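A single chain, nothing else alongside it, follows as structure tokens in the form predicted on its own.
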Amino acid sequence: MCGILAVLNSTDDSQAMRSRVLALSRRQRHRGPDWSGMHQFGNHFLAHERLAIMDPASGDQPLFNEDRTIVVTVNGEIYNYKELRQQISEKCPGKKFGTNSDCEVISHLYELYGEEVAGMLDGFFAFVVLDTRNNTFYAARDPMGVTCMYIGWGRDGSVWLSSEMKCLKDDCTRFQQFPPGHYYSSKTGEFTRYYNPRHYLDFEAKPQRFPSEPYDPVKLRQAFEASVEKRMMSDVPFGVLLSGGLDSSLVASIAARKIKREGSVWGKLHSFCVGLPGSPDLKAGRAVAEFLGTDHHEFHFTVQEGIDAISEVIYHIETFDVTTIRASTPMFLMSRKIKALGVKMVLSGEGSDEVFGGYLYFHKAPSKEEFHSETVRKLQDLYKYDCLRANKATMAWGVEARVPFLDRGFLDVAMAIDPAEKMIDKSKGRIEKYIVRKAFDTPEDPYLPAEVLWRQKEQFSDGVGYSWIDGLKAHAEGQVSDEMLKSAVHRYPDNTPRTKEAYWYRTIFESHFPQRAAMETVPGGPSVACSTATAALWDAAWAGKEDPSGRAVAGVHDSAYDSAKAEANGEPAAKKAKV
């Protein structure tokens, strides 16, 4: 990944404006510390901060088509670029490519196919194309929003696009997240959704339609193996984030098996885990690494070190969402250590819980139809939460995270399965993500130890150590008085913080991003264990007790908040936990 900034149709084409764009682009140089590029065409400016993973020798950006009339600045990776290069060469024999970069195909595809280009790409991306032949531009973001991008409008009517909000906040009168799975064309001035999978169209149909394909464990397993293996495309050393939970462990297992089978110029697979001393993730990650034979790196942090980093974390991830900040902080600290070891790219396990209903609140789903609807809602909103975290917490230190559970082909397979197969029934031994576990339960050639394959779901912010969240809450108690929280609706009438922890994060966010448009990019509403506001209504007992931690689902998580014990001590239930 990289950092992109485009300013288009500006009324100022002066050297001073060029210098301003360069200065703004430097705000996200952490995303691309390897090289900086700038292309100006009249009153259009395309800037780029490069993290060199594919073709580090010649892939500097912006990139061009053969006659340099199409200019593109890209953040992302295109996994089917070889097939696309072949397609381009067959359509235009003798076509010359200027680099070996996977992203160069975008300029040639736009020249040949115009606005169809986004739908032809298999990968994760955010890019801007400038067509100097007719002075138009086109921008697109990947289907799930794995890659971050914002769009804004300047006082002079100019259009701004950037990987991070910090580059837009001072020069745009309004800005917003660029919607995933969409492209924007200057010819119409409108967004068009190009990503229209069956599970979206069925969800939006009146009446709503539901998937009914039978569960095929081999088909599911093969689809996920293909997704992981294509993401191992890299010209630099890479590794895998290994918390010891099901999702990251499966990713690590598939990657390790491929390396064992085919070899790697980088040697053994590197794996990385972070947590407080004695945390569940450290123990489980260590066991998986030993089983897989990875070169394992374990990082510790203290609650105080995490608290000290909170302001910097919020500046980088650009949100005040509670669960995102809780999980981003250890990931942010770990990414710095990973970069220090010379690794630029990691595979990660985000997306599985949305696809398969892995969050513990799914135990309370009232029907298979509502279960499926919630997975679609979660997928459509994922760019505001886990995608944002995985992208920005790692890219804060120039490390790229790739997420195979959000592969287009894999989603087509997984989201077509009859949701009755995904439903949780502990009385029948069907715990969360049962069908994924079963697909990889091959005792004759095990992917993982049984105790890991069937380990209960831990949200990342819980798994790094339960005292992490408890420590954050305790610190917020000292930062925010009862009176401040009681008056929160007056200071923050929109998306009002409900807890002292949320209030604390909001004040820090406001110090970095005081603009109203910045606040409006952050989601809100009640949530239980990461549920949407709709699913928070599944259980009346949750009313007024919303908390994004998985331990908020009493009677489901093995270390759920002990309400009776806490209340006996005269404290809110969320303050005491079994550890």
Partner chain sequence: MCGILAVLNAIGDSKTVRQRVVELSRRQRHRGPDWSRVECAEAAVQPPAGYGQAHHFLAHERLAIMDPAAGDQPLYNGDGSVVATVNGEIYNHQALRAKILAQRPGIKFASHSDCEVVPYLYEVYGERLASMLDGFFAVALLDARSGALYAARDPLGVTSLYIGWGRDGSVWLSSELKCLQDECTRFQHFPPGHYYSSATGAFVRYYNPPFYTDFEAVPRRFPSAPFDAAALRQAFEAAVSKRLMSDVPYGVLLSGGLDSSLVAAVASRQMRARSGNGSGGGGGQGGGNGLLSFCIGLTGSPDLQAARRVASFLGTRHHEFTFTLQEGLDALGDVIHHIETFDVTTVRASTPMFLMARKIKALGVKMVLSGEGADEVFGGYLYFHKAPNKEEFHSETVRKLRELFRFDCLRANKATMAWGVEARVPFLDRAFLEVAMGVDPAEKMIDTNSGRIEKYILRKAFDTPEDPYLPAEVLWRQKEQFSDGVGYGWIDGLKARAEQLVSDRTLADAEHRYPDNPPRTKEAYWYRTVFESHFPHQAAADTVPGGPSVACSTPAAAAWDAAWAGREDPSGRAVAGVHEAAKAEAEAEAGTTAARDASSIDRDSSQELAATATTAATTPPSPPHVSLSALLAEAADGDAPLALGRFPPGAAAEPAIGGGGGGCEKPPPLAELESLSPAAGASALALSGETDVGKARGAAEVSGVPTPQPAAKRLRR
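Positions refer to the first chain, counted from 1. These figures come from a predicted structure and were not determined experimentally.
A second form of this protein, the form predicted together with its partner chain, is not displayed here; the remarks below concern that form.
For residue 523, no non-hydrogen atom is located within 4.5 Å of its partner chain in the model of the complex, even though that partner is not displayed. Proximity of residue 541 to its partner chain in the model of the complex falls outside the 4.5 Å heavy atom cutoff. Using a 4.5 Å cutoff between non-hydrogen atoms, residue 480 does not count as a contact of its partner chain in the model of the complex. At least one heavy atom of residue 475 is located within 4.5 Å of its partner chain in the model of the complex. With the partner omitted from this view, the residue of 389, 372, 108, 344 that lies near its partner chain in the model of the complex is 344 [heavy atom within 4.5 Å]. Of the candidates 532, 36, 515, 43, 36 is the one whose heavy atoms come within 4.5 Å of its partner chain in the model of the complex; the others do not.
Within 4.5 Å of its partner chain in the model of the complex, a heavy atom is found for all three of 19, 311 and 340. Note on the interface: of 23-31, 66-74, 515-523, 532-540, the segment with non-hydrogen atoms within 4.5 angstroms of its partner chain in the model of the complex is 23-31. Along 389-428, one residue reaches a heavy atom to within 4.5 Å of its partner chain in the model of the complex: 397.
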